[in-house]
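This document starts with one chain, in the form predicted alone, laid out as structure tokens.
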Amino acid sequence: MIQKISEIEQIIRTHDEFLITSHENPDGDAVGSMASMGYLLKAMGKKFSIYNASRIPDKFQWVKMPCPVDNQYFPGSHSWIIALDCGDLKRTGEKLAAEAIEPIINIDHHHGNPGFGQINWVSTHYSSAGEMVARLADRLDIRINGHLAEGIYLAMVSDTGFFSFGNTSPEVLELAAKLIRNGINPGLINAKILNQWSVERLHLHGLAMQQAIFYLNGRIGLIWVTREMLERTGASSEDCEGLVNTLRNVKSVEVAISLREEDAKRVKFSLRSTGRINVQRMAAEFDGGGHKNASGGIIYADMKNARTMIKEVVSRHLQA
């Protein structure tokens, strides 16, 4: 891994015109790592653009980006693509995945990343892609403060559950302390991250919680959202975020499952666990992926069959 970091460091020092990207429908780590990588390149005096196949979600509009985020990709316009937090090239969107001709620097922390770049710095040791950007900034002797630090902090707290998940290492906490010493105000940033709920989201979560069901004497908790529920409450797909974590708060639940109906034959699933239970292996049965305690993917079925299929897979793993 040290060799990979050195290669990336050398490329950044000697090249220009970078394209920064991450996965579609970006979460906190994706947004934070794109922002922080942009500020890193800006500090180096480099030219760069930021591309995302979908827009930045409303809840992250407060994040100060170093340049506008474009949703148009023009092949061959850059020297290198820097892909952050993408477990697979397809997650960057159909156009870039199909048409990219520039070499790719792949910086990621997910299990199962196939190494789709010309340079692949992939390590599950890190909590987030944002933490990896911080390590790169250290190698480049760039002070981590201001908006660069805010992006890294957003990335880390998003993927560690505000330092409550099992991927909260001593190094993560030491980096957080460094960010605070350099001027980050956790109280202000945490409020921006957490206080983003709409009334519609509140109603959706209440409706979904009322119908949560449990299996294996409460060891499995399952919750779902249909298109009809979204329409009834006026909520959006983004408003489904956090449902699976709320379900995990039930004392008996070892694996929490949330399902969201994308269309009549496609259901997005999220799995959460704690400790030794590896939900990444469960997600892999549906060609999904992620981390040991947080994974997801797509089930190509209607909601009724998707509930049955995911319940059977999770039950089998827990009883094995």
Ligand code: 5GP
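Just so you know, these numbers come straight off a predicted model, no measurement behind them. All residue numbers are counted from 1 along the displayed sequence.
One more form of this protein exists, namely the form predicted in complex with ligand 5GP; it is left out here, but the text below deals with it.
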Handout entry: Which of 249-257, 286-294, 51-59, 32-40 sits within 4.5 Å of ligand 5GP in the model of the complex, heavy atom basis
Key = 286-294
Exercise for the section: Go through H205, R219, H110, R135 and name the one with a heavy atom inside 4.5 Å of ligand 5GP in the model of the complex. Expected result: H110
Practice task
Give a yes or no for H78: in the model of the complex, does one of its heavy atoms lie within 4.5 Å of a heavy atom belonging to ligand 5GP?
Solution key: no
Problem - is_contact(S270, ligand 5GP) in the model of the complex, heavy atom dist at most 4.5 Å - result: yes
